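The chain below stands alone and is given as structure tokens, in the form predicted alone.
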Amino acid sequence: MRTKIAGIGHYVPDNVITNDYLAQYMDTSDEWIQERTGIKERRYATKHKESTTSMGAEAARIAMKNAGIKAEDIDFIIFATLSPDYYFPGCGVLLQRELGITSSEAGALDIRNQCSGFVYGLSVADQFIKTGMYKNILLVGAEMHSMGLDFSDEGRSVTVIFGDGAGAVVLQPTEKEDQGVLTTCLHSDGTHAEELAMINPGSHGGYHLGTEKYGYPDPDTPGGVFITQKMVDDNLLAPNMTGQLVFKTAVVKFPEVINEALQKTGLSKADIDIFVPHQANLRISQFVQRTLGLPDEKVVNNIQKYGNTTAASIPIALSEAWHDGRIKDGDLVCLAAFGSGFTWGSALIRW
């Protein structure tokens, strides 16, 4: 028994945010952003009308339609995001409600592995399906980054990168030997966890972080677990990224985890028909492409128009490639991601 992608879909908001638009709010330019990231524009959701969950639902409806199933056929939900609608509960149950399938009381699992969330979610779903526990798993990756970005000069290096959107797949069992997920490889190293993180708000209470730097009052002062006035005053409620460290680590781990998957399956780089990397930075993708020796026609890059959509980036790119006819039955599709944690992973799928 293997796991196949029976249906796929994606959704991006209508609001196109160009580099020139961002230059109105911070010291940057279209040339500066494109040179460092390859990004020309990204999408932002409409406040009060869209959320991480609503975008995930739009992508899910397309995926279910392509799979030829109804919402009530879903027997398990996996939702990957770092920008949930609420601190708790997670988006999985909100998606269930949004799709109108609460009567089935299907389980819902939330994945918090940031950029590698979709690959991790795929691996979890694969195990459930191979054991026969579930037959129609809805896996969604969605992000609404625009709600948590810092549009000052201080936040420029992070803010210019990220965009909003969602992708979804319906996963089902298949007994065909030449179809489905061949392997998934998952890894992590928490040594540099704070180098790519949104530390506040949180419940760490300054543990191992330094109360002054991260906005926490004297430890004897009650309260202030999630948000303090100092965090607001000192602009400590935004993502933090040490870009050079992330880049240097990513370009090593991407090829490593891809080669690991190829070795496990007895395949080679030449066997890859389509490579869909997490859309972190066009320069990272191009570096990995050169390392693997893959021609342009085998690599899917759409960061230029959507930016980095974290857990949504792989399913959006995968969905676009499939809808454009770039992915065909029998193709060997390679997915790979690296991100906050650090966490990284890969998957090989025979379409």
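One-based numbering along the sequence shown. Because the structure is predicted, anything quoted here is derived from the model rather than measured.
Keep in mind the form predicted in complex with a small molecule is missing from the figure; the text below concerns it.
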Joint contact, Thr37, Gly243 and Asn308 to the small molecule in the predicted complex, by non-hydrogen atom at 4.5 Å: yes
Have a look at 25 to 33, 57 to 65, 291 to 299, 44 to 52 and name the one stretch with heavy atoms inside 4.5 Å of the small molecule in the predicted complex. 25 to 33
Taking the small molecule in the predicted complex as the reference, which of Gln172, Gln179, Asn259, Ser157 has a non-hydrogen atom within 4.5 Å? Ser157
Please identify the residue among Ala125, Ile77, Ala280, Ile111 with any heavy atom within 4.5 Å of the small molecule in the predicted complex. Ala280
Given that the small molecule is not shown alongside this chain, does Phe151 nevertheless sit within 4.5 Å of it in the predicted complex, heavy atom to heavy atom? no
Tyr134, heavy atom within 4.5 angstroms of the small molecule in the predicted complex: no
Flag Cys115 as yes or no: does it have a non-hydrogen atom within 4.5 angstroms of any non-hydrogen atom of the small molecule in the predicted complex? yes
Contact with the small molecule in the predicted complex for Ile161, defined as at least one heavy atom pair within 4.5 Å: yes or no? yes
